[in-house]
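As structure tokens, one chain now follows by itself in the form predicted alone.
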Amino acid sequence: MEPNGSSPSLTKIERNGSSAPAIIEHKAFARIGLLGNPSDVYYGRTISLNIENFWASVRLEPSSDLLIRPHPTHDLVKFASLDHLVNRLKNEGYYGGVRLLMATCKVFTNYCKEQGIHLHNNNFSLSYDTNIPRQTGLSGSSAIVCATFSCLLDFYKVRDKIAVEIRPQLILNAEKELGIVAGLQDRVAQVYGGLLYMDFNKESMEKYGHGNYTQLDTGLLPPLHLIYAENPSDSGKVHSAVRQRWLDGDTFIISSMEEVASLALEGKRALLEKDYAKLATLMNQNFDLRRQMFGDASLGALNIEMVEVARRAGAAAKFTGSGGAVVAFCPDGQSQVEVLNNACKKAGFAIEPVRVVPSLLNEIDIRNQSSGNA
């Protein structure tokens, strides 16, 4: 059984009388942190979901040479003028997705060598595409890495040799190669898909190198909405000061982060009981605690305004990640959704209903999980 959107698209050709995959394609989807973030970096708990609204796709084709293909838009190297180049760097930064594909290949190869996993010598070309808005806290970089990793698993036919719960750390390792600072939550969500409760308790993390992950029925979710800015602030700088304070033993940060983690545990119970009034309260508490810890200057005025626009409409709201986008829930139903839509339009923010991705695990993946994970 291969769920919608998760399975590779395989084109088969005959080689030496046998059928072999010629083209492999995988998608990885944008991620919304519903509750508990950013406690995943601090041995906490989170609830996240994958959404069909945005995704990254990677295509692998056998080739004579190993080729990483630049994206015609995201890896632009030809410009109309010097001003075009400068404006491009100002808005998009220096890096596209090629570096993510290359780092994934390196980490994948090194891990397989360390584990004695044999890889054949055939070459391939890799290309990618993505429609995940940049710097919106929707895990655009990790989606590209996750989709690449899935292609490599299938090309080398080692999906049964690399445990599902280990893959998020390898995906994170590829991003760390490039100086990206993040936690496991996004990568776990994008590997597993669906609606996921994650417990990153210190004992499990130190003993096994991963947390305990439980997939929940996506039907437990109420209607949610995604709000995002067309020109978001950089979400990559948010963790720095709080992380150091936590390491230094700051009692306020430690206790606040523990409280954030407890929201995910309460949220799991609220979802199972379909207590959506409680869910709304927990979402608001999550943002308020984050704001107290990080401060308004770190979160950014535009990001805070997105939350406040939703709250003025009576919706519960919090960041999907580190900023740039917000997940909102209207407990009063469709009439409130219309108020929220109008408020977002007036404020210049995009808004759309969240479409949840089902579980992305296929039969091989499910058999390849440890008994400690649902």
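Worth saying up front: this structure is predicted, and the values here are computed from it rather than measured. For every residue, the number given is its place in the sequence shown, counted from 1.
Only in words, not in the display: the form predicted in complex with a small molecule, which the text now covers.
Trainee: Could you tell me if residue 37 has a non-hydrogen atom within 4.5 Å of the small molecule in the predicted bound form?
Mentor: Result yes; residue 37 sits at the interface with the small molecule in the predicted bound form.
Trainee: Is residue 41 part of the interface with the small molecule in the predicted bound form - any heavy atom within 4.5 Å?
Mentor: Residue 41: contacts the small molecule in the predicted bound form.
Trainee: Check whether residue 293 has any heavy atom within 4.5 Å of a heavy atom of the small molecule in the predicted bound form, and answer yes or no.
Mentor: The answer is no: residue 293 has no heavy atom within 4.5 Å of the small molecule.
Trainee: Could you confirm whether residue 194 comes within 4.5 Å of the small molecule in the predicted bound form, counting heavy atoms only?
Mentor: No.
Trainee: So which of 268-276, 151-159, 78-86, 135-143 is the stretch with heavy atoms within 4.5 Å of the small molecule in the predicted bound form?
Mentor: Checking each option against the 4.5 Å cut-off leaves 135-143.
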